[in-house]
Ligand SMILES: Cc1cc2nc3c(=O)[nH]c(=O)nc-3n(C[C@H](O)[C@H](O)[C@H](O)COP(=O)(O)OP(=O)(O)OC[C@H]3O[C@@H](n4cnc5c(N)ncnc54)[C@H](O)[C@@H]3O)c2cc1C
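Only one chain is included here, represented as structure tokens and corresponding to the form predicted alone.
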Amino acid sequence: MSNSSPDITIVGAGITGAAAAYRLSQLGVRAEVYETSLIPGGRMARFELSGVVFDHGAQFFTTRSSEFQSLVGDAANDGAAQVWTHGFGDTPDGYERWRGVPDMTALADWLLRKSEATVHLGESVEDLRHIDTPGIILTAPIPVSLSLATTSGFKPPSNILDQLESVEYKRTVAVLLVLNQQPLAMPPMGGIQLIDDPCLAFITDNQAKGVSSIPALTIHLSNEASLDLWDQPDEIIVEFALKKVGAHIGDVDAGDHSVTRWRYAGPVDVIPEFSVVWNEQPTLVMAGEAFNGPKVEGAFNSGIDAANKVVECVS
């Protein structure tokens, strides 16, 4: 490894990759992060349509451990996060739901800036053998990371491979609507979570949430409806969403629209370990939300664990 090479390479700048970079910096280790998208965040994602900004992936996150609460508090002090609501529906449960500021990408972006890692946005990694570092952390969804490792000649041993291949993911279709007027029956805070609805899972007015300057809906179909409509044309999906959302917030006057298909919206079952490690020269560590629960905090903890493991292995 040349003197100019970073110590550890991270593939993916979602919350797991950003957390890994942050932890590496605490350990005095330099990191270089590669992200296919032009913005960090992974499924904590921002989308722009006709000049309007949407949170179109994860809509909020919670803090359960004192460590994550403290970190999010630091992010809030820096203006990168704030409490969005204390619950949904007529009887909120009182627990804090946080959002990124100005949008959901902000927490990952804040972690990366704190880490002082070198971040390459819009750059994908096609072959791990071209990376000249002693350790690589893979943070994409398991099928994506596993494919990259295998085609690069770093197939995991059978016990790890069987574990990784057993993970299945839910799919979610997101419909984004630019509105011509404010929805009539939207809660003032701008979010409706639908637990048992067979068609819709979440409705957000991005203006009421504080993300957009004009009314703009993010509508997440339920996992069942997403699977049923996955291969349908966008126009069919938008028509379906408009019909179903009207039952909750009244008729909407929509202008421009877009459809996002999240193939890896969350694991059905999770791997109990925080991350898995194999190989030498380079050491490979795979991490992500499928390793410690399909939540933002779980993905964060997985990234922290991956950083700890890779440093221990290469030291």
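Just so it is clear, the model here is predicted, and its values are computed rather than measured. So that there is no doubt, residue numbering starts at 1 and follows the sequence shown.
Unshown form predicted together with this ligand; subsequent notes refer to it.
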Do Thr63 and this ligand come within 4.5 Å of each other in the model of the complex, heavy atoms counted? no
With the partner left out of view, is Gly57 within 4.5 angstroms of this ligand in the model of the complex by any non-hydrogen atom? yes
Under a 4.5 Å heavy atom criterion, is Asn279 part of the interface with this ligand in the model of the complex? no
Taking this ligand as it sits in the model of the complex, is Gln232 in contact with it (heavy atom to heavy atom, 4.5 Å or less)? no
Can you pick out, from Glu168, Asp93, Glu123, Glu116, the residue that has a heavy atom within 4.5 Å of this ligand in the model of the complex? Glu123
Are Arg46, Asn206 and Leu217 jointly within 4.5 Å of this ligand in the model of the complex, each by at least one heavy atom? no
Which one, 182-190, 135-143, 239-247, 74-82, holds residues whose non-hydrogen atoms are within 4.5 Å of this ligand in the model of the complex? 135-143
Going through 271-306, which residues have a heavy atom within 4.5 Å of this ligand in the model of the complex? Please give them in sequence order. Gly288, Glu289, Lys295, Val296, Ala299
